[in-house]
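Here's a solo chain for you in structure tokens, the form predicted alone.
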């Protein structure tokens, strides 16, 4: 009798264990050789802002860990030095200057991506991937007349290949401070409609100018319209009180959603674009990160960003997906200090250099504007190393398609290159050339070919060249030898006019 009971206990245990394995699964058995792909997009993060790229006074253990376990690119680029064009290029595999209206999107911007445009999400979706975008969108919503904040926000991410989204519609220094889930404002009370505009709705509407004494973070320039949560923004809005979020809770809310998405889709291949708002202004971190560094809110926001990276990695490990998931970590552009608020970004900088050895930053096409931290992490698949191969966020589209084993539609991903072999073969070559752009309004371009970098400044001015938002006169053409002058201090165009002329001709052909 005891023997029979023992056999029964063993059988029950085996059945339960098999059921658990069937539910939890091994990622490779669940969806073959198709890896999960997660892109973590930081905001305004500089090349020198994290430990693995030289920062010594801001702790970034989670970013440093995936760098140590993966590939740390020293020539990793975003395609533009501001957020909207980089995001457009990452999704479409196409330089943003090819599409009108891809400058920094205003609060009421209609969808910038034309209907029917293939994206990294739609191509992966066609290969059986479940797809999600969580975080800052800033690519416009709605038709030609802009978003219907109280109705259906289409076209939007659901029309560009995403099965799910939880979005900050613009950027948090612009109104409104609400989440968009799939195609509607989350938690909106129809009896308290949301209105968004570019002019004050009334003379007594509280703004950063009229009620400056009520602000918990003072503005320095431009960000002085509607006040929410003690911070004044760009643009005006009223209503939607039940839908508004607290700035301090952004990262927590997005990580909660990301972790739930990972858990819910562990049996199918998935693509997740996680767009952190850190370290963009206004830099209002959760209370548990306040004071984490000696560099004020900007430094604290880097620590909060690092926490996000750690939480996503831990979620993959908890769901046994880490060995079948590629994480690509990058930033949408380089650093900026005072970008509209008095948050001690300059005063508390100390010896920390957000650019490391680079020059420039957000808004310009010096290396600091577009060369950012870039890390590829895939345990068991990627050989840990440092790579000097050139890779750009615009290449994620074709690279992901190859990893998913799916054909790219004809005419799609025009400027994207398949660099999947760079991930696995230390001897594989990256890009041989790359176009960099600013916001697209000034017409300033950078063009890198190997060791050479050409700057074409049609506006003959640039701001934030030395991490200060001061317009700086620059020559129309500059040539730098990045091999010997990474800081772009010596314009050698007179000594190498033949090289500059050839590069200029090739750049203009690409632009035309």
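Keep in mind it's a predicted model, so treat the numbers as computed, not measured. Residue numbers count along the first chain shown, from 1.
Heads up, the form predicted together with a small molecule isn't pictured, but that's what we're talking about next.
Checking 121, 234, 194, 374 for any heavy atom within 4.5 Å of the small molecule in the predicted bound form turns up a single hit: 234.
For the options 82, 89, 331, 131, the one in contact with the small molecule in the predicted bound form, meaning a heavy atom within 4.5 Å, is 82. Residue heavy atoms within 4.5 Å of the small molecule in the predicted bound form occur in exactly one stretch of 476 to 484, 54 to 62, 451 to 459, 41 to 49, and that stretch is 41 to 49. At a distance threshold of 4.5 angstroms between non-hydrogen atoms, residue 362 is in contact with the small molecule in the predicted bound form.
Using a 4.5 Å cutoff between non-hydrogen atoms, residue 280 counts as a contact of the small molecule in the predicted bound form.
In the predicted bound form, at least one heavy atom of residue 223 sits within 4.5 Å of a heavy atom of the small molecule. Using a 4.5 angstroms limit between non-hydrogen atoms, residue 177 is distant from the small molecule in the predicted bound form.
If you check the small molecule in the predicted bound form, you find no heavy atom from any of 98, 415 and 433 within 4.5 Å.
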